[in-house]
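First comes one chain, alone, set out as structure tokens in the form predicted on its own.
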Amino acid sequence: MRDFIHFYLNGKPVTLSGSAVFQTLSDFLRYERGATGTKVVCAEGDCGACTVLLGKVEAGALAYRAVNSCIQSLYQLDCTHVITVEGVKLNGTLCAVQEAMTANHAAQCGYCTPGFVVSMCGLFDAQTSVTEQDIKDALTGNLCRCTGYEPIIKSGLAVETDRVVKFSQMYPQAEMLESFRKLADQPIYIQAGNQTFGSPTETAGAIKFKAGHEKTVVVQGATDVGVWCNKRNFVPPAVLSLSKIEELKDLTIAGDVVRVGARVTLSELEAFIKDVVPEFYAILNIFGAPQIKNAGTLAGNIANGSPIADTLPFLFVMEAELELAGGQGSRRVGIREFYKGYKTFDLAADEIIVRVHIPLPQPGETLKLYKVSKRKDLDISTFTAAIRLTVEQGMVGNVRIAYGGVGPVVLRLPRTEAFLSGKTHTLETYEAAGLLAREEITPISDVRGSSEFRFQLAENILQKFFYETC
């Protein structure tokens, strides 16, 4: 066991211990290293001005993905390589992306520009050919208040791809990979003041750490925890990272069930599920910014317990199961039974979510998922819904309906389900079901919408489902 973290920053080794590991990456860059190209605007992972590239070992090499440094803590960076906007230059000269941005006048105030440059560099490092849609997708998590995006997208299309130098050439990986190899099997335990950090290499070690530390916060991407720390002055007394537990990285299909390990990122799940469950892929596609999905996990979205979590209605209607591991062994609990109330779970003090088991839709079933938000991309939901049913010879068969944003937890609608089952697949049926659905929910008014708006959505979404499937 060691009491330090080790990573590389723009090709240079960095070793930290003690209280230093609990600061955010953006603060470390700006205040400790003077790397002020990384900007901080929202400090909650929403604007992308602080974007950096995080290189992690995959299949024996470093693969780089964009993340928000404002909500990444340094303790998450062990055995990684961080590249900032200062590090994308080649031998002190502008890289191909920076030159294209300059030539096409893609900056005005310039505050967001480093984030756009880094995200675009990550795109061109990963792909040899890039379309306009690729550029738009890669920049979804980068907001600009000046240019209207047109010159930025134009810059992306103008990048001379034959002049793009891959990061593996700019930063030879042999030294980094060797140093990571030597440290990979060593658990980390750091105590500084009233905070403790643990990063075990086995699930048993994670269970032991959680059992021995009250109010442990389990992190992988920490996209929610980072916001709590920045916006609510939250100071977790104990932080447990799962990032070194290889067995939690599994993402497989066994029979008609998808198994998703607790370390699988939302980006990895999105790519994996695209042709397996296209409807769920469409929701993941607008779940949030690439920077968020490259860090956040399905297990984290579940454990956060938000009633507007985008993945939950799908998991509810598919009757997914959570695999929990603790001192008494492993057990499975249905996703619906896991939630006992708002932010209250069927989870013992020493238990962690290790996997999510998701049954696949069966032949003949219709599945529709809905997200209502003020913006299509990069926005928190006002209302979510999942509807799964069969229709045979014009009659509705088995029905499962789940709504989010209409109560303290995501809700299944048993009365509405029972009403629809056996009825004719007609508009009148779904209009009547919508009126019944209103009686099964208890929405509140907040900044994203009034309770009456949510009541109306609960009714209208069933009519929308009919029109899309009639």
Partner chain sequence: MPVVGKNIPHDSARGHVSGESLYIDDMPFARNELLVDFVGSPFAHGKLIDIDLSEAQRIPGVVGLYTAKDLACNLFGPILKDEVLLVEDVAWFLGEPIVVIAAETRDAMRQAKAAVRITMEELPPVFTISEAIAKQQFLAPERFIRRGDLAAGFAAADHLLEGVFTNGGQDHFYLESQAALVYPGENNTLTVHSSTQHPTEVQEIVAKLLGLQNNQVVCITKRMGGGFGGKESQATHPAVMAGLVALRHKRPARIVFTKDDDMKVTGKRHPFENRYKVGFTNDGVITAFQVELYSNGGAYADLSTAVMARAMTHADNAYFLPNVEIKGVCCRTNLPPNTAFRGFGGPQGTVTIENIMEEIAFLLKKDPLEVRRANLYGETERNVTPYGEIVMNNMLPRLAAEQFRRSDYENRREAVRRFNAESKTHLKGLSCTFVKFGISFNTKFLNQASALVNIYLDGTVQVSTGATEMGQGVNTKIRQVVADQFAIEPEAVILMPTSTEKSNNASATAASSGADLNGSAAVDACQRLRTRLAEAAAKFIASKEADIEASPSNILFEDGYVFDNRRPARRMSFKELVKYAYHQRISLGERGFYATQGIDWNWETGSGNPFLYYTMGCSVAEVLLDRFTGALKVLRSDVLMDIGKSINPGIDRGQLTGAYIQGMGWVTTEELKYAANGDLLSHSPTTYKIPNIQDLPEVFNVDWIENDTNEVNLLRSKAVGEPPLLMAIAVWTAVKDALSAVSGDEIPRLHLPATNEEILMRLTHYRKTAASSVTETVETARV
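Here the structure is a predicted model, which means the values were calculated and not measured. Positions refer to the first chain, counted from 1.
There is another form of this protein, the form predicted in complex with the partner chain, and it is not shown here; the text below is about that form.
The putative spot formed by Gln98, Cys109 and Val117 is fully lined by the partner chain in the predicted complex; each residue has a non-hydrogen atom within 4.5 angstroms of it. Taking the partner from the other structure, the partner chain in the predicted complex has no heavy atom within 4.5 Å of any heavy atom of Arg2. Interface membership of Gly407, defined by any non-hydrogen atom within 4.5 Å of the partner chain in the predicted complex, is ruled out. Although the partner is absent here, Thr102 sits close enough that one of its heavy atoms falls within 4.5 Å of the partner chain in the predicted complex. By the criterion of a heavy atom within 4.5 Å, Leu139 is counted among the residues contacting the partner chain in the predicted complex. Residue in contact with the partner chain in the predicted complex (any heavy atom within 4.5 Å), chosen from Val85, Leu322, Ile387, Leu312: Val85. Proximity to the partner chain in the predicted complex, taken as a non-hydrogen atom within 4.5 angstroms, holds for one residue of Tyr149, Phe272, Tyr189, Phe345, which is Tyr149. Picking from 246 to 254, 356 to 364, 227 to 235, 203 to 211 the stretch near the partner chain in the predicted complex, with a 4.5 Å limit on heavy atoms, gives 227 to 235. Heavy atoms closer than or equal to 4.5 Å to the partner chain in the predicted complex belong, across 433 to 470, to the residues Asp446, Val447, Arg448, Gly449, Ser450, Glu452, Phe453, Gln456, Leu457, Asn460, Ile461, Gln463, Lys464, Tyr467, ordered by sequence position.
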